[in-house]
Each structure stands twice: as structure tokens, then as C-alpha cells.
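In the C-alpha cells that follow, a single protein chain appears in two forms: structure 1, then structure 2.
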Structure 1
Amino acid sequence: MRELVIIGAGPAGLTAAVYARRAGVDVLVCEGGMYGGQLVNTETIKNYPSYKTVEGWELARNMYLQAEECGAEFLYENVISVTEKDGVFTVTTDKQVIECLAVIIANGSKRKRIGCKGSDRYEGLGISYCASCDGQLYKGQPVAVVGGGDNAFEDALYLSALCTKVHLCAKSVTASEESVEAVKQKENITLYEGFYPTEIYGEMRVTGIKISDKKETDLDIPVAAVFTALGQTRDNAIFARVVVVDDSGYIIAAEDCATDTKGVWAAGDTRTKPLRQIVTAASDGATAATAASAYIIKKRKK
């Protein structure tokens, strides 16, 4: 019987592991892929406290090493279900079954990718998923934004204050009229409605993007970076038996990270929240771990 199982080894999960171990709780972190979550695909971070600038992989590695040094154990297996009976949780992976007293779900969310030629090749080499994180890196240069929703239009507006030119490629526009009008008012933003990337190319880094529409009009645009704003995907259906998920797929949990099920917390990008950043994920991890540790210590005394 384990005490605490943390699902996910991104910033939320790794921070939770540190806080729970420092509280003297037995911790097992389950991660189906590489530790670090979206950090490992983030080129450079300039808005995380104590770092003027840090590479995503480096911050992920530092968080992992700290959790490991604190005594957290890591299991690299995919979690396929979580159930509860009589106050004991059963976490089933693709290889084994684990029983525990409490669970922190910190599996994050995944950014939707463009899926065109070169989109995998230039991950972290000019393709970014966060305009507020990486925009400063391309100050004074032309960039592209891909997406048709409010987030894409907001990213384009943000980048227009930094970059010489913003090429906004929207296969379909779903942004509000207010956002569309704001974009149209900016002289250095060009909206390509009905266009979608067919190729992202470069040498060591991104140097351009090719886009096309249904009329087979092809355009080749020189850019220094491509910002993807196509939304996120979540894989929370596997937790449906222990938590409530909203219509967008996020686990319903307030700022205390507690779910409707006693003994289960949700931390980081996976939960309902207004801001999804590395620092807020870490904050969630600390909050969830502190509550989970107190819960476990109380159960020990019974």
C-alpha cells in the first residue's frame, strides 16, 4: 500500500512530489512519457521566478532531480484508470495495479500541434506554444501565429507590440468580433483567413512558413518563429469514476485543488483555472501536496 500516488511528472507533479516528501509522505510518481511535461518542448523561459532565462529542458531536469533527491520514486508507466473503494484508491497502469491512500492528478494537458511538414522537426527551434513566454525572443522580427480562436488573436495582438510583422493564419475564424476588429486595426498584423500551414521550414531554426487555402493559393512567408494557438487536448476520461470533468475536459477543482472526491486533488493545467503557466502549475502542486500530506498523516493516526 502506497501513501500518495502522483499522476504526471510536469511542474505540478514534480513540485507536489517535493512538498509531500518534505512532509514525510511516501510518494510514487507515475509518468507515461518524459518527465517535465510541456517544459521539455519550451525553448526558452523568461518568466519563471529566480531565472532571468532558462531552457525548458533544464528547468524540467532541475525539478526532477530535486524531487528525486527528496526521495520521490518514479514509475514510467501509463495510468489507464483510477477507482476508489472504502477510502482506498486503486491506480491501474498498463503494467500493474497500485493501491494508495491519496491521489494527486497532475497529468497536465497537451497543446494541439499543427501537423504539417516540418512541425515536428522545429519543435523548440522556432515553433512555440506560448507567446507571452517566448515573444521577447523574436522582438524586431517577423513571426506567424496559427489559430482562429480568441487565444490566437490575443497572441497576435501581443506579438504585434514586439515584432515587425505578425502573419495570422486562421483556417476558420472563431474569435469574437471584438478580437477580430482589434486585429484588423493593427497595421503590422495580416490575417490570412481560410489558410493553413502546409510546411514549416528552415536550417538550424525556423526561417519560413508555407500556407495554402482551399483554392490552392500557396504563399511562402519568411518568419523567425511560428506560434501555435490551436487549443489544448486533455485525457481525463480515465478519471471519470473519481472526479467530475467539465464540458471542456478539465477536472473541476478550485484554488485549493480539491476535487469532489475526498482524497483526490487535481493540480496544474488539468484542472479548471484562469491561468495556465509553469508558476501556477508549481503553485498547484505545492497546494495539493500540502493538503494531501495532512490528509494522509491524519489517516495514519486512525
Structure 2
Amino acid sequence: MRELVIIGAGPAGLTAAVYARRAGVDVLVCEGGMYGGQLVNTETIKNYPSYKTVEGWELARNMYLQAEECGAEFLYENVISVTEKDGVFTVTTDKQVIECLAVIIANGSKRKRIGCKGSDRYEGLGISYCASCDGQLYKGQPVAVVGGGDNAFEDALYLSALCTKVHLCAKSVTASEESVEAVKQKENITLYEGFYPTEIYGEMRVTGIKISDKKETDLDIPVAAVFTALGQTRDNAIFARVVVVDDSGYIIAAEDCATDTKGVWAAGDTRTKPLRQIVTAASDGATAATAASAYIIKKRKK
């Protein structure tokens, strides 16, 4: 039987691992992808204390190495469910079943997908979720960006410095006036406001995108890549047997990160909170791990 299972190795999970190990608790971190979470898709971070600027991958690596040095164990498997019986939790991954005394859910959030014809087919074959990671691959070529928020506009600006042409497809524009103005100043960015993608097509890789405004205009635009910037979504249905989620899918937990189930904490972007950032995720990890460690140590004594 393990003592603490942490689900997710983003800033929240990695910080939780450091705090729980330093409290003398046995820690297993289950990570379905790459350690670092959203950090690995972030180019430069300018608001994490102690760094004027730091690359996302570098901060992720530092956090991971610190957790590993503290003695946390890592299991690269996707968690598919968590259940509880008589105070013991069963964490099921896609490969095995693990029993433990306490769980910290730190599974963050995922990027929203486009969901039009061809969007599944070309995932990873020209459809990207990270302009700063993949932009260089399309240097000197035309690309599309899908989304209407600040991230989409920032991606378009970033790509306009690399690509010959950026087609920005925004069903509705929610980006700040400053971002919109900056985009309008760029000669090689065209904003298609009110348009949404109807098809992404190609051969081995993406060669074009079809967009429509649902009224009379359908456009077919040759592009080498489609960058998706539609925001985040949560995948918390798998924890429905141990936590309650709000209407937006966030796990209901307050500043102490405790959920309705004794022995389960939720940390980072996955929980209800006003600010989803690296520093607040790390703070949650510390809070959740301190409470979970005290809970485990008390259980040991029984």
C-alpha cells in the first residue's frame, strides 16, 4: 500500500511531491504525459518569483529534479479512475491498480480541440497547440490560428514574425483592445472575425483550412499548419466517485485544497479558484501536501 498518490506532475503536483517527501511521506506521482504539465508548452515565463525570465521547459525540469531528489517516485501512466472504500483509495491507471491512503489530484487542464472535419486526422500532422514550440517548423510558410482570445492574438503576432502569412480565424473576438490593435498593425495577419473552421484538409500533413461565417462566405485557405488557441478544458469526470465538480468541470475545493472526501485534495488549475498560474498551482501543491502528510502521519499511528 502506498501512502500518497499525486495525480499529475505539473507545478502543483511537483510542489506537492517536494512538500510531502520533506514531511517524510511516501510519494508516488502518476503522470500521463510529460512532467512539467503546461510549463512545457510555455516559451518564456516572466512572472515566477526569483526568475526575471525563465523558459517553461527549464522551470519544469528544475521542479522535477527537485521532487526526484527529495525521493518522490514517478510512474508515467494515465490515471483513469479513483475510488474509495473504508478509507483506502484505489487509483487505477491504464496499466495497473494502486492502493493508497491519500490522493492529491493535480491534473491541471487540457487545450480545447477544434472539433471540425479533419481536426482529429491531422492532430500532430500540422495541427498544433503551441505556437512558441512549433512555430519554427513553419518558418516561411502560411499558417492559420483559430481562436478569439488574447492567446490566439498573441500566437498570431508571434507567428507573423516567422511565417509569410497568418490567417486568424475568430468566431468571436474576446482579446483585449491592445492585442486587437497590435494584430491590425501587422500587414501579414488577416483577421477573419465571425468565422469558424469547417474543415482541415491535406495529404500526409495539413495543406489547408476551410472557414465559414455561416452566412454567405465560405473560404478555402492553403496553409501549412493550424494553431489552436481555444482555451482550456478539464477532464474531471474520472474523479466523479470521489469529488464534486462545478458547472465548468472544476473540482470544488477551497483555499485549503480539501475536497468533500476525507483523504482527497485538489491542487492547481483543476480546482475552483480565481487565478490559475504557476505560482498559485505551486502554492496549492504545498498546501495540499502539508494537509495530506499530516493526515497520513495521523493514520499511521492508528
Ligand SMILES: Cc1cc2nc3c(=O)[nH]c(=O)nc-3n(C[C@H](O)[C@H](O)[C@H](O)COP(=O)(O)OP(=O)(O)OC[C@H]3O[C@@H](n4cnc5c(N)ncnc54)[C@H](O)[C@@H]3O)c2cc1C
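Just so we're clear, the structure is a prediction, and the values are computed from it rather than from any experiment. Here, rigid core means the biggest group of C-alpha atoms that superpose within 1.5 Å across both forms. For residue numbers, the reference is structure 1: its sequence is counted from 1.
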Original post:
Is the form predicted together with the named molecule shown as structure 1 or as structure 2?
Top reply: 2
**OP:** Using the better-fitting superposition for each C-alpha, decide if A102 and R2 are in a common rigid part between structure 1 and structure 2.
**Re:** yes
**OP:** May I ask you to give the angle in ° that the smaller rigid part rotates through, relative to the larger, between structure 1 and structure 2?
**Re:** 50
**OP:** Superpose the two forms on the rigid core, then give the C-alpha shift of A170 between structure 1 and structure 2 in Å.
**Re:** 3.2
Subject >> Distance the CA of E203 travels between structure 1 and structure 2 [rigid core superposed, Å] >> reply: 21.8
